[in-house]
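Before any questions on how it binds or moves, here is one chain, the form predicted on its own, in structure tokens.
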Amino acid sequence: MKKVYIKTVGCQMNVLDSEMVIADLKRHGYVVVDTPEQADTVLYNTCSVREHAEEKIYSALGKIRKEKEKDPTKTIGVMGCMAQKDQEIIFKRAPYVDLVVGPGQLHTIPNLLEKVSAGEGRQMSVSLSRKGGSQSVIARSHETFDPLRDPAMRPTPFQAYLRIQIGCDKFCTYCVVPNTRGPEQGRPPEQIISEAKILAEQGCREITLLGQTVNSYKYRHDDATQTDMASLLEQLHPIDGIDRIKFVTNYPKDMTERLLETIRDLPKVSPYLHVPAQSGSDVVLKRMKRGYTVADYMEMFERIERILPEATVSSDFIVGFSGETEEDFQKSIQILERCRFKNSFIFQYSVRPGTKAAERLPDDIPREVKARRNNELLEVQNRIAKEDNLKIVGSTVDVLVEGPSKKSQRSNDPSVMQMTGRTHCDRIVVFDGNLRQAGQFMKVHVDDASSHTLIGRVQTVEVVSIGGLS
């Protein structure tokens, strides 16, 4: 048996890509192992959005080098966005790497591994640049590759990601995604519906639709009609077995009234919206080429409040972007205070080679200033989240139980079994329970709360557990 180990960093897209690659390799006789030392093939699925993610991979490659020296037959591969961006640079920095594969060519990995084993040397399969005009290859690869799934690679057996869109055409000045994942293209709705039905048959109760700007989803049919995000949700909603539908990540300008009304009218669709703001300053947003103003964002936010008053909204912020003044930063605090996001992912700006910001804008904010702004914004977010979570104390929430919490996973006491799950609005809930509850919808009474977690106790079981879980 050929043994493979895979390490995944980055976004949900990468998690799904790894699931598909492993499914494909299993069809070619591979088994998955838990450590790189056990493996004949070691794969790293990479991210290029931030420098830290890339350095994490190069650090891992440095550690695996010793294993390669012990066993020269061990095959090492780098796949994903960093592979697409760096290409030959990876071979130069880590000459013991055997293959480099971009996100649009993941279906070629079994064949490339065979070539490496046959002594044909290093292998590389990446897309040409947008200027080369070959990005349609990416779309075809994903359309034929997506339905190939491996449930064992999912975080839980009853939750799955479903890609509805690939690529991005927004071209924010700081972002490499349009270059690493190609132009924005929606998958055919019939493929998406078919895949969702397969996931339901496999026991999935919750699907999360994925796209770089998922609410921008559009598919133009041969008869000139078009399926948009709202129409797609309407087609997914009736599928038996699927009880929750989520989608990430959203673009502010495409959060239409029709989409919000569709979410309101479809009970299975979670009233949870992740809509990055990135900055509260119009000057910074323009420099980022985000395509909207603070007023645009607030108009969208007030539309959400009007149509979906029960919705929770989360966001992303970048601090320390080129030219960001203290006044610009304070405006980010102001928009966070006004919108009171459920949570925010806050990042310090790092230059990404190949982006417009790297070419044209100086990285002129000192590292210590970036760190301070990061901590200040995070402190405000945590305060707001705790205040809003404490308002839920005393109420009862519906929770899809995911499994043991991290606390239970770290405990050596078999009597301690803290379970975790999420509400319809994506709030994390922990409670004392047991493994048989995984996969159930349960009512949990909330007794306490922190910035990130609701703490409660089980009231009643609403839905029987999925067969086979114990």
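Owing to the predicted nature of the structure, the values given are computational and were not obtained by experimental measurement. Residue numbers here begin at 1 and follow the sequence given.
We do not show the form predicted together with S-adenosyl-L-homocysteine, though everything after this point is about it.
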**OP:** Check each of R352, K331, R187, R205 and return the one that places a heavy atom within 4.5 angstroms of S-adenosyl-L-homocysteine in the predicted complex.
**Re:** R352
**OP:** Identify, from the list Q159, Q212, T75, S270, the residue with a heavy atom within 4.5 Å of S-adenosyl-L-homocysteine in the predicted complex.
**Re:** Q212
Subject >> Site test, C175, P276 and R290 vs S-adenosyl-L-homocysteine in the predicted complex, non-hydrogen atom cutoff 4.5 Å >> reply: yes
**OP:** Choose one stretch from 384-392, 118-126, 341-349, 219-227: the one whose residues place a heavy atom within 4.5 angstroms of S-adenosyl-L-homocysteine in the predicted complex.
**Re:** 341-349
Original post:
Quick one: does V49 come within 4.5 Å of S-adenosyl-L-homocysteine in the predicted complex, counting heavy atoms only?
Top reply: yes
Original post:
Does any heavy atom of Q105 come within 4.5 Å of a heavy atom of S-adenosyl-L-homocysteine in the predicted complex?
Top reply: no
Original post:
Would D398 count as touching S-adenosyl-L-homocysteine in the predicted complex under a 4.5 Å heavy atom rule?
Top reply: no
**OP:** May I ask you to state whether I318 is within 4.5 Å of S-adenosyl-L-homocysteine in the predicted complex, using heavy atom distances?
**Re:** yes
